[in-house]
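Single chain ahead, by itself, as structure tokens, in the form predicted on its own.
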């Protein structure tokens, strides 16, 4: 498959690229900063320079792909306005671009616990932006999968996870999130599904198979 990833220079995306390439996929990576292009090329990614935040229609940089993944975010230190502009509006622009380009498969990196926003004003804005995006994706008629990890860590991936419709708070490594994304992309049973994701005791493939048939 050809996969276009918005937020291709992000921490999860950089861990995801080699996993997808190993499976034989080609990646078009959307980035805003041209200085990041060399690093992506070294990873085997075709960098596409586009400022998703500033563009109204991102269908041209999204291009002709078999699937899209939204891995972008305003990032730590940004204010509420950027949470809305990137975490919500950027993801919704990707929905519209996928429809325009006739791309059905859409993977969303969301977050767990969005039903009860918590924390300060900026963090609540982030959670509300994510919740609105997830709702837009559910209503999009695209072949979506929404992955909702807990608190992210940079520890090495253990390859063992816990999946559920509503899990208690916890954490998971970015590497394990990337591994889950690489697996669910090719799983027809994952279409139209969403799930919380934490570190756990089950191997990734077994956990996915058990959850998706339940």
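Numbering follows the first chain given and starts at 1. All figures in this text were calculated on a predicted structure; none of them were measured in a lab.
Although it is not shown, the form predicted together with a small molecule is what the next lines describe.
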| note | Partner contact check in the model of the complex: of 187-195, 8-16, 21-29, 202-210, the stretch with a heavy atom within 4.5 Å of the small molecule is 8-16
| message | Just to be sure I understand the contacts: of 72, 103, 95, 107, which is the one whose heavy atoms reach within 4.5 angstroms of the small molecule in the model of the complex? | response | 72
| note | Heavy atom within 4.5 Å of the small molecule in the model of the complex, from candidates 51, 183, 66, 155, belongs to 51
| said: Checking a candidate spot here: are 36, 111 and 150 all in contact with the small molecule in the model of the complex (at least one heavy atom each within 4.5 Å)? | reply: yes
| field | Residue contact check: residue 86 to the small molecule in the model of the complex, 4.5 Å heavy atom | value | yes
